[in-house]
Ligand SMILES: Nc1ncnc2c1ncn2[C@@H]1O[C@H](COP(=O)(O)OP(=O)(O)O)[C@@H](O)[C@H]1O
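Take a look at this one chain, the form predicted alone, written out in structure tokens.
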């Protein structure tokens, strides 16, 4: 299977600090991957490069057959919005917008969609994560687990081929952690390629492949043949 994502000898510097060192990586369609490592290891920076939020200084990167180093900011923005869905540790919801309005946001780039079509897609996405009845609520009225589900609904509303999650359960208790992971597993089963950053080994065990990063290097890249696949919670995407 042709890789969705190919990085070749990617290096990243912050000032004089060498953050990522000769990162070479192939990721294929449909994988569920955990990037692990201690705080400061470079895993979140790598995810940001993969997700076109961060530039790199040396090397090459092909995303969905596009050599991203040849793209300008507008092209990168369009590629990112059409093909990538982001989930963050702190949810990154806009407090003065309703849940539905937050989920609609990525669709604002789609000029071919009417307001009615955007709302329909957002409602479908909220239903997929089990929050259809909260569409008129504000984020502050929801629990942490519910807010992260809204963030996932926003990430999947444009049906991206790749979902990137940076510590998606970092602010949640163990029950909500498991619930969010089951949702991600279900999305992966339905075809989404998912790459997530986590420092929690007990969460990485759900993933099919674990890439460990230390001091900017890939220290190991291994298949997890014992990945835990619990019963799904009925998500439809």
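Residue numbers count along the first chain shown, from 1. Note that the structure is predicted; figures quoted are calculated from it, not measured.
The following text describes the form predicted together with the named molecule, which does not appear among the structures shown.
Any idea which of 22-30, 59-67, 44-52, 186-194 reaches within 4.5 Å of the named molecule in the predicted bound form, heavy atoms considered?
Only one stretch passes the 4.5 Å heavy-atom test: 44-52.
Is residue 200 one of the residues lying within 4.5 Å of the named molecule in the predicted bound form, judged by heavy atom distances?
Residue-level check for residue 200: no, no contact with the named molecule.
Give a yes/no on whether residue 217 approaches the named molecule to within 4.5 Å in the predicted bound form, heavy atoms considered.
Flag for residue 217 set to no.
Could you tell me if residue 17 has a non-hydrogen atom within 4.5 Å of the named molecule in the predicted bound form?
Residue-level check for residue 17: yes, a contact with the named molecule.
Which residues, if any, of 19-39 lie within 4.5 Å of the named molecule in the predicted bound form when only heavy atoms count?
If the 4.5 Å heavy-atom criterion is applied to the named molecule in the predicted bound form, 19-39 yields 19, 38, 39.
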